[in-house]
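Take a look at this single chain in structure tokens; it is the form predicted on its own.
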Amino acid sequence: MLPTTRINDRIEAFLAHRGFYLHDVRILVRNQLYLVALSFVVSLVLGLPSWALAFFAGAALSTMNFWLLAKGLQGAVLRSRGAVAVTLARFYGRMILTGLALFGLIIWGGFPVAALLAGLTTVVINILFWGMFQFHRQKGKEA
């Protein structure tokens, strides 16, 4: 077994233990954790410590939001009553807290806005690559 396979299995077991029971959701969350760690290390290696910290703050914030969204939507699928209201309340609550966190990071922390925005886009990049991989895999099965 390859070392990366073992690491993937351990992370996926950790996520499954935390309530991520859908395989594709576990893959998305796992890849997001990898993307945040890799991009932070690359920023540090390039010698941009303040930029790297701001990037990491944005990426961590979006990863936390993604984690809670993915976990909440899995629970909403199981619930039939009030699932929409609960999902919307959680969504707006997360958005308010994210806005307050960004306000604090920009105004009080003095973090560069471009780095924060770049960090926030890591979830979108993760989902785009996952979607392209799924599309490519499906095309390969049809051929």
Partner chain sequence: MRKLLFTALNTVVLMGLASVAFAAAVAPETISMIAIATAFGMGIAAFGCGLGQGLGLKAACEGTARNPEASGKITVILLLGMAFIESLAIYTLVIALILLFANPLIG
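The shown structure was predicted, so the numbers you read here are calculated from the model rather than taken from an experiment. We call the rigid core whatever largest set of C-alpha positions still superposes within 1.5 Å between the two forms. Positions refer to the first chain, counted from 1.
Although not depicted, the form predicted together with the partner chain is the subject of the following passage.
- Taking the partner from the other structure, the partner chain in the predicted complex has a heavy atom within 4.5 Å of a heavy atom of Leu117.
- Interface residue remark: Leu15 is not counted as part of the site for the partner chain in the predicted complex, having no heavy atom within 4.5 Å.
- Contact check for Val86: every heavy atom lies farther than 4.5 Å from the partner chain in the predicted complex.
- Under a 4.5 angstroms non-hydrogen atom cutoff, the partner chain in the predicted complex has Gly99 among its neighbouring residues.
- For the marked spot (Asn65, Phe91 and Phe103), a heavy atom within 4.5 Å of the partner chain in the predicted complex is present in each of the three residues.
- Checked against the partner chain in the predicted complex, the residues Leu35, Leu44, Leu69, Ala60 give one hit for a heavy atom within 4.5 Å, which is Leu69.
- Of all the residues from 9 to 45, those having a non-hydrogen atom no more than 4.5 Å from the partner chain in the predicted complex are Leu22, Asp24, Val25, Leu28.
- With the core held fixed, Trp108 shows a CA shift below 2 Å between the shown form and the other one.
- With the core superposed, Tyr34 shows a C-alpha displacement below 2 Å between the shown form and the other one.
- In the core-superposed comparison between the shown form and the other one, the C-alpha atom of Ala60 has shifted by less than 2 angstroms.
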